[in-house]
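Next up: just one chain, as C-alpha cells, the form predicted alone.
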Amino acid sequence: MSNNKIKIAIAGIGTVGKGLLDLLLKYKNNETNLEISAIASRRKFKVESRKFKNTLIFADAKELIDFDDYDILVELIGGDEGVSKNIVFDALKKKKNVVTANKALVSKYWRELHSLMKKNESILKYEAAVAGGIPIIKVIDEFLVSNRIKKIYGILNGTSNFILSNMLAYDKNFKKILNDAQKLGYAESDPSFDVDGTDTAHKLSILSSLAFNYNNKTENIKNEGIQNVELQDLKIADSLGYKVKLLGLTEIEKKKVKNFVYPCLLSKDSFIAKVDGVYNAIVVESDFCKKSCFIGEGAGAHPTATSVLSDIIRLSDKRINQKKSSVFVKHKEISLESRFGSYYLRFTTDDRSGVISGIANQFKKYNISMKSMLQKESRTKSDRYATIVITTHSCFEKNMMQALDKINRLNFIRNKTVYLRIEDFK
C-alpha cells in the first residue's frame, strides 16, 4: 500500500456487494483514497460511475487467482468451499489482506485462516460475517480486549426472529409467516439454514472462537431450529410472561465451554425478549464491563455493507497490526445433556383422572420438580383430550430427556410432548 491509494478487488455483486458499491461511491476521506481495481461477478451489472472507469470486470471470480493488482480482497460470494475459499486462501498466501462476510468459511477454517495470516503477515477481517450492522467483532476484538469475556448470547438470525415475532403478532402459523418473510425478502427461497439454527451456529462458532481463543467448529455446536415451534406454544408462553426466541449461547466455565443454539422462553422483561422483527440482539458479559448489550439490523444491503466498508477502512490504516495469536487454547466443550436449567412442557393427554399423578411419578424418579401448572379442559364433550402445561425448576437436561422418554410411552399421552428450555436472563 503506497501513497494512501488502496486498491480493492471485490468478488460477488449480490445484495451486499451492490450495497458496498453504493457506499464506496459516497465515501470520502482525505487521508485514504480507495480505488476499485477489479470486480468479479457472474451477474451483469452497470458501471455508470467514473469512479469505476479503470476497474477490470471479471465474469468469474476464479480469475482473481491470476490477478495481483490489489491490496485488499473483498469476498462477498459466500459458501465454505469452491471459489470463495480458493480466492481467500490465495489472497492471504499472496500477503494480501482480506475482508469477508462469509460466516461459513470463517467458521469452518478458523484455525487454517489464522495460520495463513501469521505465516504471510496478512490480515483477515470479518465484521460483516456476524450480526450485519452490529460491530460485535470489533467490540470483542478491540474494546473488550482488557476484559475477560464470560458469556455471549443473543438473537443472531433476523429471519427466525421475524418469524417468531410475527407468528404471535399476526396469529399465523410458521408456514404462513415464513411465506410472508420470503415475499418481503427477509428469507431465502431455501430458508433451511436460517430456520434450522445452522446460520446461528456459524455465527456463534466465530464469536466463541474469538472470545475464548480456541478453534470452535460449527459441528461441535448442538443446534435446534424453530421449524417445529407451534403458535399455541407462543401464545401460552406469552400468557405466562415469556417470549420465545432462537438463542445462540456460548459461555466459559473453568476452561469448559457451552455452545448451544435452540428456541427458548425468555422473560418479557429481559433485553433480548424485547427485540422483535428482523433485528439482532447480542449481550456480552465480561468481568469489568459486566453486561454490554447491542441491537441492530442483522442483515440487508447497507447494514452489512457498512461493516464491510468499516473493515476496509481499518485495513487501510498503516498503523494496524494483527495481535491475535494463531496458538489456540484447548477447551473442553460441555454437552447439552449437562445443561442445568428449567423447562416449559406441553402435554396432550386423555381427559381423565390419574394423568397428573402419572406425570409427577416420572418427574420424581428423575429428580424434577414442578414450578407451575396450567390445565386446559376439553372444549366440548366430543373432545376427549386435555392440554397440560408445566414449567419446572432447574434440572439436568439428561434427566429431563429420560423422563420425557418414559412419559411419552404412558397410555394416556396422545401426542409427543412439546418442550422448550427456559433461560433466566435479566
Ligand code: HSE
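Given the structure is predicted, the values throughout are model-derived calculations rather than measurements. Sequential numbering from 1, following the sequence displayed.
Below: the form predicted in complex with L-homoserine, not depicted.
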query: Proximity of residue 153 to L-homoserine in the predicted bound form, heavy atoms at 4.5 Å; finding: no
query: Interface membership of residue 136, L-homoserine in the predicted bound form, 4.5 Å heavy atom rule; finding: no
query: Contact flag, residue 157 vs L-homoserine in the predicted bound form, heavy atom cut 4.5 Å; finding: yes
query: Contact of residue 194 with L-homoserine in the predicted bound form (heavy atom, 4.5 Å); finding: yes
query: Interface stretch in the predicted bound form with L-homoserine - options 218-226, 199-207, 140-148, 237-245, non-hydrogen atom within 4.5 Å; finding: 199-207
query: Among the candidates 186, 110, 344, 126, the residue which, in the predicted bound form, approaches L-homoserine to within 4.5 Å (heavy atoms); finding: 186
query: In the predicted bound form, the one of 281, 299, 309, 177 near L-homoserine [non-hydrogen atom within 4.5 angstroms]; finding: 299
query: Contact set, 86-109 vs L-homoserine in the predicted bound form - heavy atom within 4.5 angstroms; finding: 103
